[in-house]
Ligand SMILES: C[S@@+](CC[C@H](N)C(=O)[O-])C[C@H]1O[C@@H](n2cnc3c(N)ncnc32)[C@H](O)[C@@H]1O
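In structure tokens, one chain follows: the form predicted on its own.
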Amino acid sequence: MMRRFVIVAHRVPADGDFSLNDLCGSGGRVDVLSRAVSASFLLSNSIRSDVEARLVINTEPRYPRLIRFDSSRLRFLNADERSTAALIRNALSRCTKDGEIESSPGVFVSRAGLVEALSDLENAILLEEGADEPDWRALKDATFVLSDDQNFTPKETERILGTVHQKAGLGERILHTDHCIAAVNHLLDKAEKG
């Protein structure tokens, strides 16, 4: 079973021009993405297998970037925000027009956007507050679509709703992106054990 997380980022500089000493400011809240990546993959002493995270940087058509983290090849992922932000910055700075490239082991970057991030995915689920919880045991090869610390724009919502198969919630309270991912991983782990 493959788990995928698609996280849309709204303010991270698409060229990777930000300081690792200012992840919230010049990084456009790349700290949120760093925590989301960590929540997607990290266990106490290892990296989860069969997980993929896709970061959509700048959904405007002129400068979109898609960073894909693949657990089967992923190396150098640590629990701190700064080193994960460095992986993101490195990927963005190495992006070319030549399709997808591997910027570091298990981290791939391309000039693609939200449409491409969602185009090859089946069983895509939009995590939205207030929506009903799904039957976690029935979810196989699921993809969960989330936003950073900002709401989806109307255009993003339209694109996402044209792709997703269902909306799902984690309760009535609004949670941080990384907390949603940690909760989903926990619920799917629990469902797998039966």
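Everything numeric here is computed off the predicted structure, so don't read it as measured data. All residue numbers are counted from 1 along the displayed sequence.
Below, we turn to the form predicted in complex with the named molecule, even though it does not appear here.
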Seminar exercise, completed: Picking from Asp141, Glu129, Asp50, Asp135, the single residue whose non-hydrogen atoms come within 4.5 angstroms of the named molecule in the model of the complex is Glu129
Exercise. Of Ala168, Val164, Leu66, Ala39, which residue is found within 4.5 angstroms of the named molecule in the model of the complex when only non-hydrogen atoms are counted?
Worked result: Ala168
Exercise. Any idea which of 23 to 31, 42 to 50, 66 to 74, 147 to 155 reaches within 4.5 Å of the named molecule in the model of the complex, heavy atoms considered?
Worked result: 147 to 155
Exercise. Should His176 be counted as a contact of the named molecule in the model of the complex, where contact means heavy atoms within 4.5 Å?
Worked result: yes
